[in-house]
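Presented as structure tokens, the chain that follows is alone, the form predicted on its own.
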């Protein structure tokens, strides 16, 4: 969609105007107080503006944006800490459109028109009671959960209604007052959206985009925490001078800045790899780097703030919570590094075999 930094800046600013109500994180704190209830007013405006179709092609009625556009938007709005599942919603439309079925289109239409929210669950095994096999983030927002069914050897994509899971698999509150729902589809009816290897490929691509989106958001969160800390170093005085004049803190701040810029560069490079054979490895690498960087940087920010950095009333605490939550979503740093290693080994084996 966008072919210049200025156009992506306009896209980012448009999203900010929609999500920023000028309450200075007031909506984030209100969402903490009302959990698990959600306020869908802003979400209705998000749908009315057509944002869930950002990554859908223009032929399908979407914006025709690419992964680089998505990264620019999510990096640019991450500091707002909006409670809505803005990032997670962006990958749904391409996945449902890839199914090419009337049932998938109906789920998408309901979401685009604001009647319900569909979010994507990723598959994995978890050491938890009941042996869950899937997990969806921002679960308190999801009316429908799009997930994979690999039983019987064939790949199927299903839409599962929240009501089918509420009793046996309740949502679990996360440290940033979002939620995760771990669940198994055994015994769940669901609605078939599509099947076959092509749908499986689209589902895996959606997972890659979720990781890339989380990585972009982590960079944006880390940048805001870093900017807050720089401002604090300029006004907090000790021994009669601003603590930002201390060389030790200057060196730490410089290292934090370099780490954040390096992660942002890697995320942007990963966005360029989307749609290529290196997509999965690049997105996992970006997520691993952004996760480790953001958590480490925000911890440094808390330390530099001293006692005030540990208080829930101070905004930095909200950024710390969001960084920790995003870092573990869609695969933590260690899991993503393992995927990079496995993909690299497999690529080497194929190259040697050829």
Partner chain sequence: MLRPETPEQSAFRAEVRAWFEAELPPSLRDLTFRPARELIMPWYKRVSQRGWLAPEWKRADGGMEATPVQQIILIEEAARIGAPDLPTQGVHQIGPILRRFGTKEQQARHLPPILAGDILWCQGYSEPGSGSDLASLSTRGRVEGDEIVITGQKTWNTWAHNADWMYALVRSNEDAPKRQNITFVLIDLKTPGITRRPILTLADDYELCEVFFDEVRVPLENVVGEVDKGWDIVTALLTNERVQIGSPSNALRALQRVRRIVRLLGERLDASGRDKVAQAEIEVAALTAAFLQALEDLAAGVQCDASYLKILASETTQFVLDVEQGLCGPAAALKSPERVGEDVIDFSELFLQSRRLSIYGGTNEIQRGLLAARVLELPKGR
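Positions refer to the first chain, counted from 1. Note that the coordinates shown come from a computational prediction; the quantities given were computed from them, not determined experimentally. The term rigid core refers to the maximal set of C-alpha atoms that superpose within 1.5 Å between the two forms.
Keep in mind the form predicted in complex with the partner chain is missing from the figure; the text below concerns it.
- Checked against the partner chain in the predicted bound form, the candidates 242, 123, 196, 114 yield a single residue with a heavy atom inside 4.5 Å, and that residue is 242.
- Of the residues 254, 128, 189, 154, just one reaches the partner chain in the predicted bound form with a heavy atom at 4.5 Å or closer; this is 254.
- Contact with the partner chain in the predicted bound form holds for none of 45, 103 and 108, as no heavy atom of theirs lies within 4.5 Å.
- In the predicted bound form, the partner chain lies within 4.5 Å of some heavy atom of residue 340.
- In the predicted bound form, no heavy atom of residue 10 sits within 4.5 Å of the partner chain.
- Put simply, residue 266 is close to the partner chain in the predicted bound form: some heavy atom of it is within 4.5 Å.
- At a distance threshold of 4.5 angstroms between non-hydrogen atoms, residue 141 is out of contact with the partner chain in the predicted bound form.
- The chain is drawn here without the partner chain; in the predicted bound form, the stretch among 170-178, 86-94, 271-279, 128-136 whose residues come within 4.5 Å of it by any heavy atom is 271-279.
- Looking at 145-184, no residue comes within 4.5 Å of the partner chain in the predicted bound form, counting any heavy atom.
- With a cut-off of 2 Å and the rigid core superposed, residue 345 has a Cα displacement that reaches or exceeds the cut-off between the shown form and the other one.
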